[in-house]
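Next comes just one chain, in structure tokens: the form predicted on its own.
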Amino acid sequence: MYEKPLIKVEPPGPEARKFMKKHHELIMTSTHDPEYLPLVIERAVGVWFVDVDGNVYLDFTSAIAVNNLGYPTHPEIARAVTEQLSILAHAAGTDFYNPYQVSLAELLVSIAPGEFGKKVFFSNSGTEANEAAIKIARYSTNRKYFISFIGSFHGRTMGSLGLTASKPVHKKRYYMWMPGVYHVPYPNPYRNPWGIDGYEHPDELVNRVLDYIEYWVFEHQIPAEEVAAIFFEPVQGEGGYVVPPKNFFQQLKKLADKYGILLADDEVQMGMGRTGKMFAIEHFEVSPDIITLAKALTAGTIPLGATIFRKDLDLEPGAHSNTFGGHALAAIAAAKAIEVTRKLLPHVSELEKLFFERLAPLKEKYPKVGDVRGLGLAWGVEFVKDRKTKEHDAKTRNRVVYEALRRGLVLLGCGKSSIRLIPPIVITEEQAKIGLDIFEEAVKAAH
């Protein structure tokens, strides 16, 4: 196990350059940024990456909130999966029955918020979990429309893409995606259309958003009685790690109940202990009608998505299905990941204090740090050119990412000019302090 980062050669080193060149020749373009994040990972252990040139980095990305329990695989999950491989891996859980899928569904139903009967649909990813949620909402209500939020990310397949509204590039040249989605402002305390300081005046911000839905959407665009569901992230992920006012979702539920609209909670990036609760929505004391999970559900071992929903919203046979979702191996991995994660929740809540104490002062010390927000081990730092105008500063953000990498810390951007700090939740306090020290050094260097 490593004690601190070790940079033998400035990234990208010679071996990294070779693999990056081959990658771009052979593999479809995705979200790589070779200029600011030229990282070629060869292996990982605990909270540490080792690249192909032998550099050692501290990970503050959890592989995009997937490897919450560290690398390569948490030993308890590895043992459970290895044992299961010799028993049963896949047996078409949507056509036949297996006890492992049933046991995982029973566990998810028991821990999901909401004192009502629930069922589960299993898939392979977050976007698939949201596709299922779309179908469940439309089929069960026989309503046409959806509301989603500006800044949201719910996936890139053509149904969930209709809900997504965080970056134009996600939709460029793909029209038409799923129709019938109306996007409204998210109650971003720092950056919203009304210029409200949502930290100082949270109720005013919440009321503006709800009024926008009722007046501008329901009275001008679509009838409320034909809206199937409102999709949301309890903390926006790709949109910039934005935390809404505490009472927002309670007020949103009142609005939804008034018109018989379902609430669909996308926990793909924030679920599974990331915020100090198993589900981020628990911070806001609301029980959604539908919840979607993926990413950290198996702690990075086997792809798995899950859609948890009110029992009375169930579909008829054949209305939706999936080949690999919820197979025995994934079910075993997820059950063990949930068991391990639940024990770590107090640890995450304790580290939240450290992150707040170290990150909040950056707003006063560095003029290009516009905002700091977060819960648990999900933190966003937004960079601006000017605090008064709040003009986005992606150049400084990207420079911070690279300056951190040069010093042995791996970060990821999000939103237009933010950085997310999301280490594996198994990180120790000492390791977290090392990473936070490097982060501030990178911010200082970028300034």
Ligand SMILES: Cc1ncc(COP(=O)(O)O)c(C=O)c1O
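Not measured: the values here are computed from a predicted model. A residue's number is simply how far along the shown sequence it sits, counting from 1.
What follows is about the form predicted together with the ligand, which we do not show.
Mapping the unseen interface onto this chain, G325 falls outside it, with no heavy atom inside 4.5 Å of the ligand in the predicted complex.
Contact between G126 and the ligand in the predicted complex is found at the 4.5 Å heavy atom cutoff.
In the predicted complex, the ligand stays beyond 4.5 Å of every heavy atom belonging to D371.
Within this chain, F153 lines the site of the ligand in the predicted complex, having a heavy atom no more than 4.5 Å away. Taking the partner from elsewhere, every residue among E238, V268 and K295 has a non-hydrogen atom within 4.5 angstroms of the ligand in the predicted complex.
Residues of just one listed stretch (77-85, 132-140, 260-268, 171-179) have heavy atoms within 4.5 Å of the ligand in the predicted complex: 260-268.
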